[in-house]
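Shown below, as structure tokens, is a lone chain in the form predicted alone; questions about how it binds or moves come after it.
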């Protein structure tokens, strides 16, 4: 039971890193970016290519898996996304869905449709016994890395000048500009960081989740469930929702293998009916 709980926490942490960029763009910037999974896929492929073709150590690929999608997100935000900030959510959904299919087709054409496999370093393989609990080394590594990211992100958004400027830019861009805040730069930076975190999540999750050209389509619903259950008024909500969903998904597939895959969808429906603003969101 404790082993399942541990694996569920690790899975939930990974889901949060993958989905937190969407939580930021949707909750703080009010932009529905369903192409978020494409940036995660980019980070995963950067890691796979660097390791399998060029022999780059796993740990050295992780910063590049963040930087590459962050730069890509910055370029796309300045050239394409910025044109849709004032458009309806339907326009944003249709636009970002189009980007997803373009990314899937591009990766399938350039990399092939086969699953990408990565070989973790020896010190991250296997399990160890800790007080009778079988603890996976790689999942422990994921919990550690994601835990640091969660704390850093929360501190940046709540305790720094950048976080306060971001909230001001979202609440009233016109007034924020009048106060001397560069709203465009704030949005571009936020979007780039969110894309970079997605790429890092894709790199960390390549070994657990698998990696192929359909990755953005397969896990798009998971990102949306995290945001739906956790709400979009803070980062804490999606984080707690990720842990809840990770534990529920792992436990459900273990104890109810025939129905486990439906547990998180059932949970999402219940939340939408009872608390449309999200399970952990403050009422408005």
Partner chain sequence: MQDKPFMSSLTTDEVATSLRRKGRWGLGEVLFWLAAAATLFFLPERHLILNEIAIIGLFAVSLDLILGYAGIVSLGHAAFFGVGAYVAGIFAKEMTGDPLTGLAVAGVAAALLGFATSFLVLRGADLTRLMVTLGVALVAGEIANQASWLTGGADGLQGIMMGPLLGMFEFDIFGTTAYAYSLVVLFVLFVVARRIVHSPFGLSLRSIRDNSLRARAVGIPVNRRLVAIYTISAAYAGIAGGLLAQTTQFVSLDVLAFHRSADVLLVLVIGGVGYLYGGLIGAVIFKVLQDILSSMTPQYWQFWIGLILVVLVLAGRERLTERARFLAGRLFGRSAGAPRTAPAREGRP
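Note that the structure is a prediction, hence the values are computed from the model and not measured. Positions refer to the first chain, counted from 1.
Absent from the display: the form predicted together with its partner chain. The rest refers to it.
Within 4.5 Å of its partner chain in the predicted bound form, heavy atoms considered, which of 137, 75, 94, 145? Going through each option in turn, the one that passes is 94.
Just to be sure I understand the contacts: of 243, 50, 62, 220, which is the one whose heavy atoms reach within 4.5 angstroms of its partner chain in the predicted bound form? Going through each option in turn, the one that passes is 220.
Heavy atoms within 4.5 Å of its partner chain in the predicted bound form: does residue 90 have any? Because a heavy atom of residue 90 falls inside 4.5 Å of its partner chain in the predicted bound form, the answer is yes.
Taking the shortest heavy atom distance, is residue 30 within 4.5 Å of its partner chain in the predicted bound form? Because a heavy atom of residue 30 falls inside 4.5 Å of its partner chain in the predicted bound form, the answer is yes.
Distance check, residue 234 to its partner chain in the predicted bound form, heavy atom within 4.5 Å: No - in the predicted bound form, heavy atoms of residue 234 and its partner chain never come within 4.5 Å of each other.
Any of the heavy atoms of residue 119 lying within 4.5 Å of its partner chain in the predicted bound form? So residue 119 does not count as contacting its partner chain.
Name the stretch: of 174-182, 104-112, 201-209, 187-195, exactly one has residues whose heavy atoms fall within 4.5 Å of its partner chain in the predicted bound form. So the stretch in question is 104-112.
Run the contact test on 86, 99 and 268 with a 4.5 Å heavy atom cut-off to its partner chain in the predicted bound form and return yes or no. Affirmative, all three are within 4.5 Å.
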